[in-house]
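Given as structure tokens, the chain that follows is alone and in the form predicted alone.
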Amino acid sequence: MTNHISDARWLAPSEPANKRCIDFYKDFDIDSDVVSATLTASALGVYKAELNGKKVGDIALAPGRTSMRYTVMYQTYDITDLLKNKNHIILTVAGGWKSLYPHEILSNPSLPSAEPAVIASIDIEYADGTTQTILTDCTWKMQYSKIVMSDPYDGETYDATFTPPQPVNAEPIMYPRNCLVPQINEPTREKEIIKAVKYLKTPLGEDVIDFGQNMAGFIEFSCSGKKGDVFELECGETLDKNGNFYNDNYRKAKAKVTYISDGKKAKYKTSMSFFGFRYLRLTGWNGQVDIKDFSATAVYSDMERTGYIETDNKDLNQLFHNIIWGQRSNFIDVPTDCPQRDEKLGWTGDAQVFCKCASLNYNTYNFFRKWLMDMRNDQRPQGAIPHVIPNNANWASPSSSWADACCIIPWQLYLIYGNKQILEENFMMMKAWAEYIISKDDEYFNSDKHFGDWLSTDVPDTLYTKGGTSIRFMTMCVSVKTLEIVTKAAEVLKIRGADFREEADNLRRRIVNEFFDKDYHLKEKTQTAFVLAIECSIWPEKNAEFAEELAKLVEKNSNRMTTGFVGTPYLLYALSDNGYTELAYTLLFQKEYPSWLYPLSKGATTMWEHWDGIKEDGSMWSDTMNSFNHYAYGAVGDWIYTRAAGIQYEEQYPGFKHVTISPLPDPRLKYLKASIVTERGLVSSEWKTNGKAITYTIVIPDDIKGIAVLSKKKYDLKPGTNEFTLSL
């Protein structure tokens, strides 16, 4: 049935909502037999729908987050079974996604509509063939909701004692409807339900609930008190070194749920705001706490889980668990940096370094396809890509590796899913960014807006460290990679006039002239410099030398990395692809700071923003920028899939049309298995050893061609299960 949402009117509160939720409602009658009925709805903000006292659909935080100046998604729900003769529909709307931009930015005239707004159509088909359409218009009523405060950073307040004033007629606003598009990506839904695992009475006497898992989602609880009693639940990710509740790292975000009792026993679940948390500090329970009264619901984009990793090493298994939960917590319609503090923003650099791992863990094609639409919308006229998408903060100056997400992510999705559509949709954006790099040249390479090797440890410990590697060198290297990606994308699409190989080669020569000494040795002596020289193919004939220098730096640093956001995702590849697999594993197994496993010693259940978010002595790295749910460093997961387990897709055969299974066993592991549900079926690689022999079990589906490379020998793979046992 065709929906008529484009004929409806946007409805907004007639006066400032001041973070209140607004209920827009209408009563309507049904006199004939209904064959089918749908509700199509959207909002500037966040909405939920209720028909005759029942929730409509199972989507959370609708309509999803977009660059609203250009696109607002809508959802369509089947409401046939919810209709009665007399009907009452309520659309509750909050500021939600529209409110998500940094607190320090006090106003932003580019954001659409000063207040949250909602739009909807109800389309009914009767048994006699007639139809009826009910649209949001001035015949709807509006009143304040009992959710008297809803804010993405500050939380949610429900006042059970609140009696709304007399409803008034809704007032349509003049806001475009041509921005409305159907849902593009998988919607956000409520997923795992996690029960409280522990009640704590802290040394300060605080009542604290521990869910045992850091996550993002909704909070549900029961409470009972006298009329006017106030129950508060504050969110936190960790405890301080004394075992007390801690959430100073949330900065200005209050992240609090407040329930004002009407004197009746109540069960309440948040719905208009999501929280990042593991712990809840309770106020109002007066020590009468039963953990059975508390649960949490993980909320994230409803992507299909495709990748699994398991080993005989409990630390590596926990690391992979943390990678998965970091992705779940931050893939809520857009890839956010963190789900807890006063950001929750779609940082491009974080997303591009994690895209490969994310797309092996889950099917992210639609998720990223929708976000890339926002990126295209927010690209600046000259081709620059903002740091954050959607660009709610109106940033303009690009940063290397962050802006390059516009090329790296579409290309990565093409390689994994084999669908040229992602290149077709984004090629003009990719080309415009390549042309920006070329046109700006030194102005871009020398800009002070680059984030560098963000949060690396090769410089003194400071709050916002860009690392010890020359930013100009890094920017030029990454630009070489980007120019070549755009060229390859043009070849796939058979587009002429987009060959940037000459510009890439010229840039290589400039890098060599500027950053190599007279003996042609790289002057930049940092781990990240050697990693990027290899990853960006600056001088492929010297990769062995670069890897040797990199290995020396790692060993000199007691087998620990110094890399940040840019260098870390490629570090193990640079080593293992050039003869240093044992050292790559040594870094993976490293437990001392900085390392992937160090946070496990502090109870981490998600990835951290900083290698030492909690220091050895239990103190915090900082209060101002210290997320304990930040997925970027989880990029190491793709090395485990593609090198440790050896599942390698090939650039000339995108979408896993052909695979090479070339595992890299290590004697410190007795067992490792990785599996990926590809577009063509299950690909699995497993190896186990008893110390004398190693058995490989490899599974490929019918329409994939593959070979195995085991102990430097090649074996053809047949569809189904293949098993090889080789002596050590």
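Residue positions are given as counts along the sequence shown, with the first one as 1. Predicted model, so just to flag it, every value in this text is computed and none were measured.
Just so you know, the form predicted together with ligand BGC exists too; it's not on screen, but the next bit is about it.
Enquirer: Whether residue 402 contacts ligand BGC in the predicted bound form should be assessed with a 4.5 Å heavy atom distance threshold; does it?
Expert: Close contact exists here: in the predicted bound form, residue 402 approaches ligand BGC to within 4.5 Å, heavy atoms only.
Enquirer: Is residue 343 close to ligand BGC in the predicted bound form, meaning a heavy atom pair under 4.5 Å apart or at it?
Expert: Yes, residue 343 sits close enough to ligand BGC in the predicted bound form that at least one of its heavy atoms falls within 4.5 Å.
Enquirer: In the predicted bound form, does residue 337 come within 4.5 Å of ligand BGC, counting heavy atoms only?
Expert: Yes, residue 337 sits close enough to ligand BGC in the predicted bound form that at least one of its heavy atoms falls within 4.5 Å.
Enquirer: So in the predicted bound form, does any heavy atom of residue 454 sit within 4.5 Å of ligand BGC?
Expert: Yes, contact at 4.5 Å.
Enquirer: Counting only non-hydrogen atoms, which stretch in 347-355, 523-531, 295-303, 615-623 is within 4.5 Å of ligand BGC in the predicted bound form?
Expert: Going by heavy atoms within 4.5 Å, the stretch is 347-355.
Enquirer: Sort through 596, 433, 277, 565 and report the residue having a heavy atom within 4.5 Å of ligand BGC in the predicted bound form.
Expert: Filtering the options by heavy-atom distance leaves 565.
Enquirer: Consider the chain as shown here, without its partner, and state which of 609, 237, 638, 156 has a heavy atom within 4.5 Å of ligand BGC in the predicted bound form.
Expert: Of 609, 237, 638, 156, the residue with a heavy atom within 4.5 Å of ligand BGC in the predicted bound form is 609.
Enquirer: Would you give me the residues of 16-46 that have any heavy atom within 4.5 Å of ligand BGC in the predicted bound form, in order from first to last?
Expert: Nothing in the stretch sits within 4.5 Å of the partner.
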